[in-house]
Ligand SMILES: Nc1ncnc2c1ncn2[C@@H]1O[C@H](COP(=O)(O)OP(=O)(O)OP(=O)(O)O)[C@@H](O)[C@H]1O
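Before any questions on binding or motion, here is one chain by itself as structure tokens, the form predicted on its own.
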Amino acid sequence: MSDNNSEFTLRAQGITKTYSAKSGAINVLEDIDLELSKGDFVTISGPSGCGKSTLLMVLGTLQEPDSGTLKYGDITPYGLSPSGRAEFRSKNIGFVFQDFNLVPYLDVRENIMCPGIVNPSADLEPRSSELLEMLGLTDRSNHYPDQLSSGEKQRAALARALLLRPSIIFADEPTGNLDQSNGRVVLDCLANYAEDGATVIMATHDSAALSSGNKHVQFNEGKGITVKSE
């Protein structure tokens, strides 16, 4: 993890998000308060449609809330210009999605190296090799996504998220398409990353995955949340 980012504490206060629908406004997030520090591995659970993915998008600076504040240390991402927020996100935040979001015409190593396009660094080639070995993908480095199993795709997506050693990783159902063995590899990697001083926030329906974290966010009826330390 980058030393420049290691002191960030995430604070969300009064986060509210509403979507428009033919049937009227849908309140997805209502007055959400959350504070997370480095070393936290946070699991988020709740029924489908309760707002888990939306919360990740808002906290990850990808979707601005209707009201409320979000701060990373002294930085208010939604107070930055769109380009400033994109730069902040690229340097400090990593994402792992359930559907992988790999670029189909790039091989595994090239997919992992994608974050380096906007943040070039001399050590990214050896870093990518390190991640390929750590996640058991070295012999797949020249393969394309359509040549990979679901587990290999998710491990490649995880390696891409880890490339720049971001302060915070957001993972949306990262084990949802995986068998138990591959799911365990992903969860262990995320847990180890948090233990090294980063923050990991994971939405999941997987009961086994819920036990991986040291904090748990449970969505309640009415869109409120309960935060528990494990």
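Throughout, we count residues from 1 along the sequence that is shown. On a predicted model such as this, the values are computed, not experimentally measured, just so you know.
Below: the form predicted in complex with the named molecule, not depicted.
The shortest heavy atom separation between V28 and the named molecule in the predicted bound form is within 4.5 Å. At a distance threshold of 4.5 angstroms between non-hydrogen atoms, C50 is in contact with the named molecule in the predicted bound form. A residue is said to contact a partner when one of its heavy atoms sits within 4.5 Å of a partner heavy atom; S141 fails this definition for the named molecule in the predicted bound form, lying far away. Contact annotation: T61 falls outside 4.5 Å of the named molecule in the predicted bound form, judged by heavy atom distances. For the candidate set T175, T54, S167, T43, a heavy atom within 4.5 Å of the named molecule in the predicted bound form is found for exactly one residue, namely T54. For the three marked residues, Y19, Q98 and H205, a heavy atom of each sits within 4.5 Å of the named molecule in the predicted bound form.
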